[in-house]
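Quick heads-up: it's one chain on its own, the form predicted alone, in structure tokens.
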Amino acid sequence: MAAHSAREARRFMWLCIGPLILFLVLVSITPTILAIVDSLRELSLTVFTKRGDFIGLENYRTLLREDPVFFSSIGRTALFVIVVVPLEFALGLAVALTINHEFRGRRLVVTALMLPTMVAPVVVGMMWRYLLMPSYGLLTYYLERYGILPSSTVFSDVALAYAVLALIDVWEWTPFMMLIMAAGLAAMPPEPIEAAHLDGAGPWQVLRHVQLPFLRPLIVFACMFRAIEASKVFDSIFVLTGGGPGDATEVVALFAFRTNFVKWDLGYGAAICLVLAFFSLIVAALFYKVVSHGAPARA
């Protein structure tokens, strides 16, 4: 009877998760296979000579050896990730430490802090585009009035445009880091902190020697997730600058979009997307290696 019940339970489990697995196969594995096939073809909807003939790894060879625009977009993407992820982590940890105690209105404060992350990235881009609109934007008006910004759009200067895009991303995703760090701090046992205080440790020593080691797996996960997501940033940059001025803010996701849906070079665009996915897997593997070897041992 016990064996029969176990078989029935397993059968019911597979009956429940089978449709989900099939759905995941259809929406993830199948498009990936189709992208791999397209990346091995010379396929374009605008060049009539490129009708889908098999060319092997030619798209990858051209991309990795002969396309300076691709490497420029990779460099801009890497710089963007290097700038925004540490800032988001530092600010998120600081806010989490600040709210890591009970006070009146704490739930309301946390909810308000989470609002930027709850907004869709396209809406974030449109909102900031309105605020920074030349001459008529609310922020632009006051920045020009007090002499902080010259009377021109913030997106006409290369360095300023890049800095504004980074600050908008930090504003949007710092609450995500804050939420993860706050959850880790709430789950932390109080005994090590109390022992550190009894030994005369100050707030900085407690943070460095007690809290940060405990949070290490969460920190690695959060930074890995944000690094992968930031490397795929598209919506806000597309809405705010479109890659401009010139191509100064054209990240790799925007470069892939233009190749696929402006030039309609689908074979080459598929190769770009797969190379980007490969780089993301490398980043994820490196982070996983760090957390698996650096996590504190459990009793």
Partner chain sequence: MARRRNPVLWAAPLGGLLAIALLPYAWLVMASFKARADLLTQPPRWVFQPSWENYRQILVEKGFDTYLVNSLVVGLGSTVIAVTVGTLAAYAFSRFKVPAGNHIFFYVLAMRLGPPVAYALPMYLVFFKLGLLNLQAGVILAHATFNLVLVIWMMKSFFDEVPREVEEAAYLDGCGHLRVFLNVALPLSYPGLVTVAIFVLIFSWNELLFALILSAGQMRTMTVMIPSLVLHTGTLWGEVAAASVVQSIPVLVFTFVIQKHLVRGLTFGAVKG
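Between two forms, the rigid core is the largest collection of C-alphas that superpose within 1.5 Å. Positions refer to the first chain, counted from 1. Owing to the predicted nature of the structure, the values given are computational and were not obtained by experimental measurement.
There is another form of the same protein, the form predicted in complex with the partner chain; it is not shown, and what comes next is about it.
Site residues 61, 78 and 164 are none of them in contact with the partner chain in the predicted bound form, judged by any heavy atom within 4.5 Å.
At a distance threshold of 4.5 angstroms between non-hydrogen atoms, residue 229 is in contact with the partner chain in the predicted bound form. Taking the partner from elsewhere, residue 44 is found to have every heavy atom lying beyond 4.5 Å of the partner chain in the predicted bound form.
The partner chain is not shown here, but in the predicted bound form it comes within 4.5 Å of a heavy atom of residue 142. Of the heavy atoms in residue 136, some are within 4.5 Å of the partner chain in the predicted bound form. Residue heavy atoms within 4.5 Å of the partner chain in the predicted bound form occur in exactly one stretch of 168-176, 67-75, 155-163, 80-88, and that stretch is 168-176. Checked against the partner chain in the predicted bound form, the residues 195, 115, 212, 148 give one hit for a heavy atom within 4.5 Å, which is 115.
Residues of 240-261 placing a heavy atom within 4.5 Å of the partner chain in the predicted bound form, in sequence order: 253, 256, 257, 260, 261. Relative to the superposed rigid core, residue 105 undergoes a CA displacement of at least 2 Å between this form and the one not shown.
After superposing the rigid core, the Cα of residue 29 is displaced by 2 Å or more between this form and the one not shown. The Cα position of residue 261 differs by less than 2 Å between this form and the one not shown after fitting on the rigid core.
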